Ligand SMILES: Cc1cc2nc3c(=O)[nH]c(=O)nc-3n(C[C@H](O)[C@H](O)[C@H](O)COP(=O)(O)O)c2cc1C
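For reference, the chain that follows is the form predicted on its own, supplied as structure tokens.
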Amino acid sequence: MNRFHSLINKKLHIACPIIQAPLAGSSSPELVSAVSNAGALGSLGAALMSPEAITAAIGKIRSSTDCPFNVNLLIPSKTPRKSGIIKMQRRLNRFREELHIEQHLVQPVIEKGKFEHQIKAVLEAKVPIFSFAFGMLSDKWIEAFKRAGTTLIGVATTLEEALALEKAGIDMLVAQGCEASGHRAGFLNREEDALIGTMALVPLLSDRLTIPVIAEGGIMDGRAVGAALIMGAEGVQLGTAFLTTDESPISHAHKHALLCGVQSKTVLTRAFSGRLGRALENRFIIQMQHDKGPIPSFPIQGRLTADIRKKAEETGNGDFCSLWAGQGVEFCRKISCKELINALMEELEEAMGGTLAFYEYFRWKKSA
């Protein structure tokens, strides 16, 4: 029995205060459905999908679950830097040679207006929850989603960003600590200037905001979930913990690296996508850091490295895969989504056993 009911349980209509991070490029309808069916909130990271693929994926989710789910998009950069593309292609060609794939110097195609088409597809699907990162959603879209009855979730890495998102009218907010896997979600400052830890960020935001705060970053077991709740979060968002579940669609090389512990050091890098993100350190990251040359910005660098990453995943070569992972990767488990969520809740009950009265008092005092 879940005794840890919070505002997100009520507002999102979920049994557990747990959200699966969107994991753009590493999520699937099967993963989303499994998480939602287990009582948490599954999230579809749709940023890399075409509008048609988004519509199809939402249809698959709805055919597999009657529970709430979330769809996530990334706010595009207004002016991605295109400088240094040819130089970067020359640097990448040595990796292509090693992987026995075609070498080239072409510039990537960046689809203009893709985000507009993507978000229209999400809006037309009337999803229950929509989340976004990398920026501020325009008033036009906020108003459209509110008219559709969709709950909106933004992501902040600083108090300044959180206050801006709250003022814009979103319903709840993810506080992304620097321990989190994948891309940094900051948008008002350089990513390097917004590396606040989860333990410091969550109480700061929960004390200043009137909307629910969801903790993200380094949360891998029930003890960490309990710590986040005590610090004022209404729930938690986990990414890395779900990457090694049975339903996770990531490559064998990625899953093996997360589980085997051979590559447990995580670093912040722009090498794979052009945007700062946390991943397991591998040879590609080390070599790119050694070169010390400029890296084209997101999403251009991601287009440039796409063929390398694809070939590496197909051949199981972890040296050249983007092995996204957060701190605490050593706690990854090879179990199903249902088993993971049940384990998290059992661990939460055990960890909070002696402090449950304090937790309940804290919730009562905060709502009074």
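Quick note: we count residues from 1 along the sequence shown, nothing fancier. Only a predicted model underlies this, so the values are computations on that prediction, with no experimental measurement involved.
We do not show the form predicted in complex with the ligand, though everything after this point is about it.
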{"query": "Contact at Asn72, Gln176 and Gly326 by the ligand in the model of the complex, all three, heavy atom at most 4.5 Å", "finding": "yes"}
{"query": "Close approach of Gly277 to the ligand in the model of the complex, 4.5 Å, heavy atom", "finding": "no"}
{"query": "Partner contact for Pro17 in the model of the complex: the ligand, 4.5 angstroms, heavy atom", "finding": "no"}
{"query": "Contact label in the model of the complex: Leu23 to the ligand, heavy atom within 4.5 Å", "finding": "yes"}
{"query": "Residue contact check: Gly217 to the ligand in the model of the complex, 4.5 Å heavy atom", "finding": "yes"}
{"query": "Selected contact from Pro212, Gly226, Gly239, Pro296, since only one has a non-hydrogen atom within 4.5 angstroms of the ligand in the model of the complex", "finding": "Gly239"}
{"query": "Single option in Ile119, Leu205, Leu165, Ala133 placed near the ligand in the model of the complex, where near means a heavy atom within 4.5 Å", "finding": "Ala133"}
{"query": "Among 306 to 314, 58 to 66, 23 to 31, 334 to 342, the region lying within 4.5 Å of the ligand in the model of the complex by heavy atom distance", "finding": "23 to 31"}
{"query": "Stretch 175 to 212 - residues with a heavy atom within 4.5 Å of the ligand in the model of the complex", "finding": "Gln176, Glu179, Ala180, Ser181, Gly182"}
